[in-house]
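Shown below, as structure tokens, is a lone chain in the form predicted alone; questions about how it binds or moves come after it.
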Amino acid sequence: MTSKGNKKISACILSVGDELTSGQSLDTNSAWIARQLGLCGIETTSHTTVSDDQPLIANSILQLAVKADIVIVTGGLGPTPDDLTRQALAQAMDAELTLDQKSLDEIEKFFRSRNYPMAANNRIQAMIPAGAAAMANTNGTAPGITATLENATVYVTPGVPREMRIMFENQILPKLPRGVGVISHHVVKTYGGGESAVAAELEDLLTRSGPVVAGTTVADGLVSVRITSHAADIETADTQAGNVVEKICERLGTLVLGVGEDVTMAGAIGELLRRAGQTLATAESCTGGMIGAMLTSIGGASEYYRGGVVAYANEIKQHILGVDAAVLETHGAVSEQVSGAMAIGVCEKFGTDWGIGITGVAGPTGGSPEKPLGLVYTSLCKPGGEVTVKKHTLGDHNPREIIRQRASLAALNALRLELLAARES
């Protein structure tokens, strides 16, 4: 880990914007910045998000500047009345805003180059606190700001991710202190075991001290094991983390979807189908096309995913997928017999190696004592025509969207396990 003399270098990240605190937008900037800081051996100790409120922003900057060596603020540098970060920084510094002529010249040049008239309110973007310095923005109209406050060097960047990243790489990264250490981050994505079960299996590896620290998180139905490695150089850090990743994958076996932040269930399925040279089609009732949407979120999915049918009504199950009316009458739409017929029908319809048929009670109405809310049947039609059925009880207390999402993941995971077994046989 980097040190400043005998003192560790720490950083805090502050994200500004009503759209973040209200949940309308996700804060992707903080995660990206923290990873870049880690590669410099700088430990990020907090991520803070505040609304577009000048006193609140100013107070947050002051508090963070007292406890960290570096404070990076993103957002609130636009030209509109709710963009208040520059004013808040001036308040925190007890300084006046002053015009930076070079920044104004660059803003005017930006508009001229695009043949746009510059509005009068864009002039505010060239104002910075006295004693601070501007950072050039080569991809937008909002210059960044750097200042010294309390114990910290403060960097303020635009909130637009592309503008922020280029400014960070060009204006901030070269100025960051360097030491002998780096921090490397890795993640193993898993599905099929709850967080507590995964943690119990990895108990001795989930350390909170030493050169490698590991822990678990849950998001979007997946359990992630996150590994942070501290070392003198990136090669050593990656090797240390890699040893732990290898042990995790060995212990968890088929629970592991893959290694990396971008790993998804759909991506894991796609890779298995691609390697096997096989194709898939889907027949969905209760999930309403969600499985198909997950599969097609992966670039190049047309190589293995032929398409699907959303067979919500019984007439569609009959006339498009060939489900026998007598089967529907005898067993009902939510049954293993119907899901199996749907899987066979979609395989035949699309001429694929694999087919998924899924039907269930997503709620909030339609449940019964025999078929409660959250009951889902998933059938897989394998190469050769064999059908396997999985029954999932996803809870009668869960909202409709949660049941649909969990049913979609469970169906894809059933296929993933079948594909893994076929690969090993």
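Note that residue numbering follows the sequence shown and begins at 1. Heads up, when I say rigid core I mean the largest set of C-alphas that superpose within 1.5 Å between the two forms. Note that the structure is a prediction, hence the values are computed from the model and not measured.
What comes next is about the form predicted in complex with a further copy of the same chain, which does not appear here.
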Triplet K8, T153 and G267 all within 4.5 Å of a further copy of the same chain in the predicted complex via a heavy atom: no
Candidate stretches 379-387, 366-374, 353-361, 394-402 - the one whose heavy atoms come within 4.5 Å of a further copy of the same chain in the predicted complex: 394-402
Position in contact with a further copy of the same chain when the complex is considered in the predicted complex, options A276, A232, L104, I320, heavy atoms within 4.5 Å: I320
Residue among L222, I298, A136, C249 with a heavy atom within 4.5 Å of a further copy of the same chain in the predicted complex: I298
Contact flag, P129 vs a further copy of the same chain in the predicted complex, heavy atom cut 4.5 Å: no
Partner proximity in the predicted complex: G289 to a further copy of the same chain, non-hydrogen atom cutoff 4.5 Å: yes
a further copy of the same chain contact at H331 in the predicted complex, heavy atom, 4.5 Å: no
Contact flag, T216 vs a further copy of the same chain in the predicted complex, heavy atom cut 4.5 Å: yes
Those residues of 45-82 which, in the predicted complex, come within 4.5 Å of a further copy of the same chain by heavy atom: T45, S46, H47, T48, T49, V50, S51, D53, L56, Q63, K67
Core superposition between this form and the one not shown, C-alpha change of C381 at least 2 Å: no
Large Cα shift (2 Å or above) at A362 between this form and the one not shown, core-fitted: no
C-alpha of D53 moved at least 2 Å between this form and the one not shown on rigid core: yes
